[in-house]
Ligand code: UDP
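Just one chain is shown here, as structure tokens, and it is the form predicted alone.
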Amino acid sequence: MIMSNVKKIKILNIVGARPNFIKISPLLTEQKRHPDAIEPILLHTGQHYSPEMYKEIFDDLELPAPDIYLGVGSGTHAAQTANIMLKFEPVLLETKPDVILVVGDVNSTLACSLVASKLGIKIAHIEAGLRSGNWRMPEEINRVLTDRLSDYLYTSEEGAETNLIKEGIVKDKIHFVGNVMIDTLENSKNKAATRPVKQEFGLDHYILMTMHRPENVDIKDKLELLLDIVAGLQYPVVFPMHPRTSNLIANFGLKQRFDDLKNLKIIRPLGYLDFLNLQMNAKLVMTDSGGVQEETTALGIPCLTLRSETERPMTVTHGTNKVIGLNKDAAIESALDILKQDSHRICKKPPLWDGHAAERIVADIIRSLASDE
């Protein structure tokens, strides 16, 4: 039992973009279960700055309003990273946390880790060790550099430890704990199942599509290829579209072509619970999102990843995911084959994807920080 006279561990929890909110939710909940041991602080950098990108998801996950909001906003990768660093340093100097907790691979993760490292503040990285091998992805750079800076590296799948050790990370820093995204999913499934989102958009049998990565949506030829894939499916496709993607489609002069696709329904960005409901009820999910690859694996929903690689190989070896690239023939053939089966694949969840990753992480932080006193 934690005694009240023991100094509390001050944890500064960093979020910046939509996937971070999903991952931080169970961690913050678990930290608050130890009020005698932990003082949690929630900081939102504002990397995803528009209200529709984060307010609804904060409400869905019952996250409190951030204690600190940096309001960074958009910009190039260099400008955004630098802006976060400039605004984050005074916060660290004022709050003096014992450890910062960063999740995933967004610019906020790396920027805050760089500042904390230079100030000698310990760093805990959730989802450490994931690797795509694709250095054109900004996320890959963020992952690798954050892992080099971190004191506690919490991995979500067994292969991540191998990646880290190959890169020279000391084994004692690495802790295999499971997947916090699955914690959130397990805690939210029942609530998501009651959402009327299918009725709202008039959906019955459908393929769910998500696309947001610059290598797929920032290039006109890639968006035209996506149009060809949807047209070739001849099956209802629902696409919750990021505002940035919508703007790019308009700028490329492709809006009318998207509007003319009779089997494509473009809808607004969704909160976490509504999107989870659509995943749970989809015949198939086509995506370039790492988190969606994990969620579909946990749900047993077939998934086609429209990228040439994945940093989450367990979703392929243990789950429902197939990596096919943004390839018209492969995408249509694979999708139609799945639709013919008309059943979800039964798969064995990856080890420790059991809904208790946050408990293991927080217990280890308490143990590790206490031993460092």
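Owing to the predicted nature of the structure, the values given are computational and were not obtained by experimental measurement. Note that residue numbering begins at 1 and tracks the sequence as displayed.
The form predicted in complex with uridine-5'-diphosphate exists for this protein as well; it is not shown, and the discussion that follows is about that form.
Q. Quick one: does Gln279 come within 4.5 Å of uridine-5'-diphosphate in the predicted bound form, counting heavy atoms only?
A. Flag for Gln279 set to yes.
Q) Might Ile22 be said to contact uridine-5'-diphosphate in the predicted bound form, defining contact as any heavy atom within 4.5 Å? A) Contact check for Ile22: yes, within 4.5 Å of uridine-5'-diphosphate in the predicted bound form.
Q: Considering only heavy atoms, tell me if Ser289 and uridine-5'-diphosphate come within 4.5 Å of each other in the predicted bound form.
A: Answer yes; at least one heavy atom of Ser289 falls within 4.5 Å of uridine-5'-diphosphate in the predicted bound form.
Q. Using heavy atoms and a 4.5 Å limit, would one call Met181 a contact residue for uridine-5'-diphosphate in the predicted bound form?
A. Answer yes; at least one heavy atom of Met181 falls within 4.5 Å of uridine-5'-diphosphate in the predicted bound form.
Q) Just one of 193-201, 165-173, 266-274, 221-229 has heavy atoms within 4.5 Å of uridine-5'-diphosphate in the predicted bound form; which? A) Contact-bearing stretch, as computed: 266-274.
Q | One residue of His356, Lys349, Lys10, Arg18 in contact with uridine-5'-diphosphate, assessed in the predicted bound form (non-hydrogen atom, 4.5 angstroms) | A | The residue in contact is Arg18.
Q. Which listed residue (Pro240, Pro97, Gly159, Pro236) meets the criterion of a heavy atom within 4.5 Å of uridine-5'-diphosphate in the predicted bound form?
A. The residue from Pro240, Pro97, Gly159, Pro236 that makes the contact is Pro240.
**Q.** Heavy atom of each of Ile14, Asp147 and Arg360 within 4.5 Å of uridine-5'-diphosphate in the predicted bound form
**A.** Looking in the predicted bound form, the three residues Ile14, Asp147 and Arg360 all stay beyond 4.5 Å of uridine-5'-diphosphate (heavy atoms).
Q) Is any part of 294-320 within 4.5 angstroms of uridine-5'-diphosphate in the predicted bound form by a non-hydrogen atom, and which residues would that be? A) Heavy-atom contacts to uridine-5'-diphosphate in the predicted bound form: only Glu295.
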